[in-house]
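Next up: a single chain in structure tokens, the form predicted on its own.
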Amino acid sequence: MVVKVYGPHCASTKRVLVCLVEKGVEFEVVPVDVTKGEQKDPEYLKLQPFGVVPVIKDGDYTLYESRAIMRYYAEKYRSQGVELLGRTAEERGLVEQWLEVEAHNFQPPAYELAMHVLFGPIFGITPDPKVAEENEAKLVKVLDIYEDRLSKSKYLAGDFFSIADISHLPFTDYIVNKMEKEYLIRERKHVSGWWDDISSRPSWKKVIDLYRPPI
């Protein structure tokens, strides 16, 4: 049965789509225009009660939260496509560690930076240069840690591509290509090489070409 993925043009949904492409899982998308507040429509809230994207429907199974969805499909289709979870308990532990780092250390300042540089007016937020500056400073500290890590391994969890790397794609793309903040990546040799590697994967190129962001 074809997986339905809601809200394909949004950043978090792109994590899910890249994971599905890497695993060779067939899917169809269901547009959700967040600029018009469609994620708050009553019918959508039956699927995702918090009113955010993404959500998937896999037959009678419904799941939301992009990282949980990636974990689910990487496990469900472990025998096909690219191995995205690690082959040992130790590798899986590192994947989970860096996925948590992304969620709690990288995503918050990257998101706030995007809100105050790119998306503020769309979502009724008055851009605040001070907030943008503060979150860029937070991001610098995170990326310095990434630079050290990536000087020792090709990818975040080791020498294999994983959902931890996938999870960084959407907001790093904003940093590099939408916010004129490319220097945050390029000033760090190993982070820059890692970004060039993961952003050149056919899965990401396909997703970003088919489902362009709303700005």
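From a predicted model like this one, the values you see are computed outputs, not experimental measurements. Residue indices: 1-based, along the sequence shown.
Here the subject shifts to the form predicted in complex with a further copy of the same chain, a form of this protein not shown in this document.
- By the criterion of a heavy atom within 4.5 Å, residue 122 is excluded from the residues contacting a further copy of the same chain in the predicted bound form.
- Using a 4.5 angstroms threshold between heavy atoms, residue 87 stays clear of a further copy of the same chain in the predicted bound form.
- For the chain shown alone, residue 96 is a contact residue for a further copy of the same chain in the predicted bound form, at least one non-hydrogen atom being within 4.5 angstroms.
- Taking the partner from elsewhere, residue 118 is found to have every heavy atom lying beyond 4.5 Å of a further copy of the same chain in the predicted bound form.
- Against a further copy of the same chain in the predicted bound form, the set 62, 65 and 104 is in full contact: each member has a heavy atom within 4.5 Å.
- Contact annotation for 20 to 51: residues with any non-hydrogen atom within 4.5 angstroms of a further copy of the same chain in the predicted bound form are 49, 50, listed in sequence order.
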